[in-house]
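This document opens with one chain alone, in structure tokens, the form predicted on its own.
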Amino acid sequence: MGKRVLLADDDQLLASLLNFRLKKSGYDVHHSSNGKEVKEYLKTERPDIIVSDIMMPYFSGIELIDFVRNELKLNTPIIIISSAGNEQNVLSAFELGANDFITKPVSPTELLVRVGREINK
């Protein structure tokens, strides 16, 4: 079984593309399209890495970082992807404990490199 990736993004087209590329590279991917699904998944599962959009229904990527770091107390690597790449979002993500930040449009190849780098640290 490959390393487990939690992919959280409500953009179905992008999520399908990233899901396909990650699976093709040997990762076991779980996709959630909103923050409620992410929280439910994380109550019972421990992915090796989390890739999350900032803007999601019910629970933002920023709230997700806070939940993972401060409530669950996990050191799971988190990569944030967002079209909202303004400086405040980037700073908030890093201050809360994100490991990396990629501005959309996301290159699937770049994402694979960054996921591999974080998982193999």
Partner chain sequence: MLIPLKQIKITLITAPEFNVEFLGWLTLVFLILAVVYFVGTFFIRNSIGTYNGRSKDKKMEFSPIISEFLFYEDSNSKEEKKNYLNLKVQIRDSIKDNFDRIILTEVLLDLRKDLSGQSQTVLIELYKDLELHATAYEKLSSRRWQVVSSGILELTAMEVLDSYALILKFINHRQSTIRKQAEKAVVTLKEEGINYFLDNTKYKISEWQQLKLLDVLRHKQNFDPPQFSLWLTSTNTHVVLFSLRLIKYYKQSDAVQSIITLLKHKNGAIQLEAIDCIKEFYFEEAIPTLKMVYPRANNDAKIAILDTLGEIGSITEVEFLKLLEKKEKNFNVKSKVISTLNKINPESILPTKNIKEDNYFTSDLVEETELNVESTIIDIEYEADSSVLVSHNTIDINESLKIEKPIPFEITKCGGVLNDDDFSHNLLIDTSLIVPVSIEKTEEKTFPNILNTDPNNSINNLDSSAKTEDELFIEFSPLVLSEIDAAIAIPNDIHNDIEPMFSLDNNFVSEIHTTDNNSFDAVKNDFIELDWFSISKMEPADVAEELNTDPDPLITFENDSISFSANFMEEAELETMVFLENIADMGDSRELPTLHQLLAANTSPLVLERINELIHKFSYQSPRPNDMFSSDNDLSSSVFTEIFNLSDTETKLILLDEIKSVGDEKEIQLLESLIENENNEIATTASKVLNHILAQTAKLEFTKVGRTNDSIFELDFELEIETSRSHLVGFPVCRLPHK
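Computed from a predicted model, the values in this text were never measured in an experiment. Residue numbers count along the first chain shown, from 1.
Another form exists, predicted in complex with the partner chain; not displayed. Remarks below refer to it.
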| property | result |
| --- | --- |
| Proximity of G97 to the partner chain in the model of the complex, heavy atoms at 4.5 Å | no |
| 4.5 Å heavy atom contact, L17 and the partner chain in the model of the complex | yes |
| Touches the partner chain in the model of the complex: K24 (any heavy atom, 4.5 Å) | yes |
| Neighbours of the partner chain in the model of the complex among 105 to 120 [non-hydrogen atom within 4.5 angstroms] | P105, V106, S107, P108 |
